[in-house]
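Below you'll find only one chain, the form predicted on its own, shown as structure tokens.
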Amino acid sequence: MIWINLAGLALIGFIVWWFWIYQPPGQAVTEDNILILVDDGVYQPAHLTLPAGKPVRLSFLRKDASPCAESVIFPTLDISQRLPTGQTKTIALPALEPGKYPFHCQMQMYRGSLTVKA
């Protein structure tokens, strides 16, 4: 009985780590167009570092057919776009001020962020 409880606690700990604590490695961006893969419950890359004052284009390629992956939302930029399955959807972002700009799906299970540095 104790092993079942320990296994349950370990599973709960893993779920908390995966959905709220874990952050995949980031990527510094040096080009104007970045491809972000939407697959297996994550954006790849999920965390991007961008230079301030420079417009950028994010191209999302959705491979995951789950309903949660069908849109991407940038709440602080007031941008919401549908992502067609198996196709690339490009979102042009204006030159941004330094700061952190989160993006996510409508249920906030897919999560990512843009860190803009001067």
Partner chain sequence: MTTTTTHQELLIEGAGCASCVNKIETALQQVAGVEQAQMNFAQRTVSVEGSAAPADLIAAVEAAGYGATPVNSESETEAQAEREAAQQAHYRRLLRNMMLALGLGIPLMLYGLLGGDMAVNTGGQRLGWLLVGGLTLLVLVVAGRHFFVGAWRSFQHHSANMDTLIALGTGTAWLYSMVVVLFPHWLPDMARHVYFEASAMIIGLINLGQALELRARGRTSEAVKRLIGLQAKTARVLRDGEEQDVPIAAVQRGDRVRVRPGEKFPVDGEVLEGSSNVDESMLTGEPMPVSKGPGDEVAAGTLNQSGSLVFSASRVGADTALARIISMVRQAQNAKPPIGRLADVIAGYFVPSIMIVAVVSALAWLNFGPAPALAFAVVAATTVLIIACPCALGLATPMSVMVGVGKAAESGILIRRGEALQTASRISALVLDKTGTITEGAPRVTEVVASGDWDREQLVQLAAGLEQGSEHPLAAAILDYARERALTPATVEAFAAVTGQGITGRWQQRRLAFGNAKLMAQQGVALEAVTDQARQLAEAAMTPMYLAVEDSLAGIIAVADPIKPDSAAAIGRLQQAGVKVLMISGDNQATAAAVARQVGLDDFFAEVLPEDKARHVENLQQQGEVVGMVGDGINDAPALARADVGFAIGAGADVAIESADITLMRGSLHGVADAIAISRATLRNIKQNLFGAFIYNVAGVPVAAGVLYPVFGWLLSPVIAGAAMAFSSVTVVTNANRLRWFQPRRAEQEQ
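Basically, rigid core = biggest C-alpha set you can superpose within 1.5 Å across the two forms. Numbering follows the first chain given and starts at 1. Note that the coordinates shown come from a computational prediction; the quantities given were computed from them, not determined experimentally.
We do not show the form predicted in complex with its partner chain, though everything after this point is about it.
State yes or no: in the predicted complex, is some non-hydrogen atom of residue 1 no more than 4.5 angstroms from a non-hydrogen atom of its partner chain?
It does: once its partner chain is placed as it appears in the predicted complex, residue 1 has a heavy atom within 4.5 Å of it.
Residue-level question: is residue 16 within 4.5 Å of its partner chain in the predicted complex, judged on heavy atoms?
Heavy-atom contact with its partner chain at 4.5 Å: present for residue 16.
Residue 41 near its partner chain in the predicted complex, any heavy atom under 4.5 Å?
The answer is yes: residue 41 has a heavy atom within 4.5 Å of its partner chain.
Examine residue 109 and determine whether its closest non-hydrogen atom to its partner chain in the predicted complex is within 4.5 angstroms.
Flag for residue 109 set to yes.
Determine whether the C-alpha of residue 16 shifts by 2 Å or more between this form and the one not shown once the rigid core is superposed.
Yes; that C-alpha moves by at least 2 Å between this form and the one not shown.
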